[in-house]
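As structure tokens, one chain now follows by itself in the form predicted alone.
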Amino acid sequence: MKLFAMAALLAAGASFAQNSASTTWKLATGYRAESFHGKNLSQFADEVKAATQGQLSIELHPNNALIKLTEIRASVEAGKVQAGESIMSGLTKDIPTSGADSVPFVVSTYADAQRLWKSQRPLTEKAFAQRGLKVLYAVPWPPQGLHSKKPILSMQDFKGTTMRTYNPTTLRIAELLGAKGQDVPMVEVGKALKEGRIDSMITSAVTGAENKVWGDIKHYYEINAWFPKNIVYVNAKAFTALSAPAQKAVMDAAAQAEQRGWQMSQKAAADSTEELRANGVKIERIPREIDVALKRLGEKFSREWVTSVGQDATAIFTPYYFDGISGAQTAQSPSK
């Protein structure tokens, strides 16, 4: 076995030696290098460089430093940069199937989210390919939970309160729950809480911990409303310009980055929840009445999304729900 492994490494080395010209990709992302997504990207780049023996280097440009987040997909498509990272829910105007993971109250666990991605990925790859892009991997943010100043024991507790919103979906959720929506950018959340402009918000435990909301937020409910994903991709021409061994090295490293990223997301969620708890926030289960109501909202949102997107949406959700009924017990968790 050792001789076989050594022979494989020597063969790979010979392949890269025959293609000694080096290439550098610029990869633009709107997210911080310090985030778990950023750390995962950095490790991915290091592994690609090592696996290709320096034939391919990936130069990371985080935090909107090179291109604004909203412009990254178009810039990679146009060949202005070779690769990019985007949040999938931000791509729905041009690639509607990217919105599947942001339909609220459909997915409630990481295993569910991974099963949905398995169903969503083929159509996503097809849509990206039609735009001259190749999907490398996707990793979710931690699930969106409910932060509240006061305990939420029944649906009536939302009445007369103000919920922080930041897009049409969160505004509709607030209205359907009986709360008033208030558009507040994340950078202003702390100020809005102290000024009494918002009473609750749906966002991840990570966001809550990063913004140190525990001075005003007293309760955190793990409703796992949705698992928004970031997707990493490359210009297809830049990818096909690589040698065959380099292409394989990129895809192998991407597969590792996806598996590792899901694990990092789970850890970030757990660590942030514990940080909230350590700072006096009560981590609680949502009452059954509310849980049932949220699942009904999920059914409503999913029907609306399927109607608006059409056949492709049906192609994503049908196998997802079927697998959830028939194979959920055997579905692999992200840690395996």
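Note that the rigid core is defined as the largest set of C-alphas that superpose within 1.5 Å between two forms. Everything numeric in this text was worked out from a predicted model, so none of it was measured. All residue numbers are counted from 1 along the displayed sequence.
We do not show the form predicted together with a small molecule, though everything after this point is about it.
Trainee: Would you mind picking out the stretch of 124-132, 158-166, 71-79, 93-101 that comes within 4.5 angstroms of the small molecule in the predicted bound form, counting non-hydrogen atoms?
Mentor: Of the options given, it is 158-166.
Trainee: Can any non-hydrogen atom of P228 be found within 4.5 angstroms of the small molecule in the predicted bound form?
Mentor: It does: once the small molecule is placed as it appears in the predicted bound form, P228 has a heavy atom within 4.5 Å of it.
Trainee: At 4.5 Å between heavy atoms, is Q266 in contact with the small molecule in the predicted bound form?
Mentor: Q266: no contact with the small molecule in the predicted bound form.
Trainee: Hey, in the predicted bound form, does S204 get a heavy atom within 4.5 angstroms of the small molecule?
Mentor: S204: contacts the small molecule in the predicted bound form.
Trainee: Hey, in the predicted bound form, is Y31 touching the small molecule, heavy atoms inside 4.5 Å?
Mentor: Heavy-atom contact with the small molecule at 4.5 Å: present for Y31.
Trainee: Though the small molecule is not shown, can you say which of Q120, S86, S200, Q144 has a heavy atom within 4.5 Å of it in the predicted bound form?
Mentor: Partner contact (heavy atom, 4.5 Å) among the options: Q144.
Trainee: Identify, from the list A244, A255, M186, A241, the residue with a heavy atom within 4.5 Å of the small molecule in the predicted bound form.
Mentor: Here the answer is residue option M186.
Trainee: W262: CA shift of at least 2 Å between the shown form and the other one after core fit?
Mentor: After core superposition, the displacement of the W262 C-alpha between the shown form and the other one stays below 2 Å, so no.
Trainee: Comparing between the shown form and the other one on the rigid core, is the C-alpha shift at A209 2 Å or larger?
Mentor: Shift at A209: 2 Å or more after core fit.
Trainee: Using a rigid core alignment, state whether the CA of T240 is displaced by 2 Å or more between the shown form and the other one.
Mentor: Not so; T240 is displaced by less than 2 Å.
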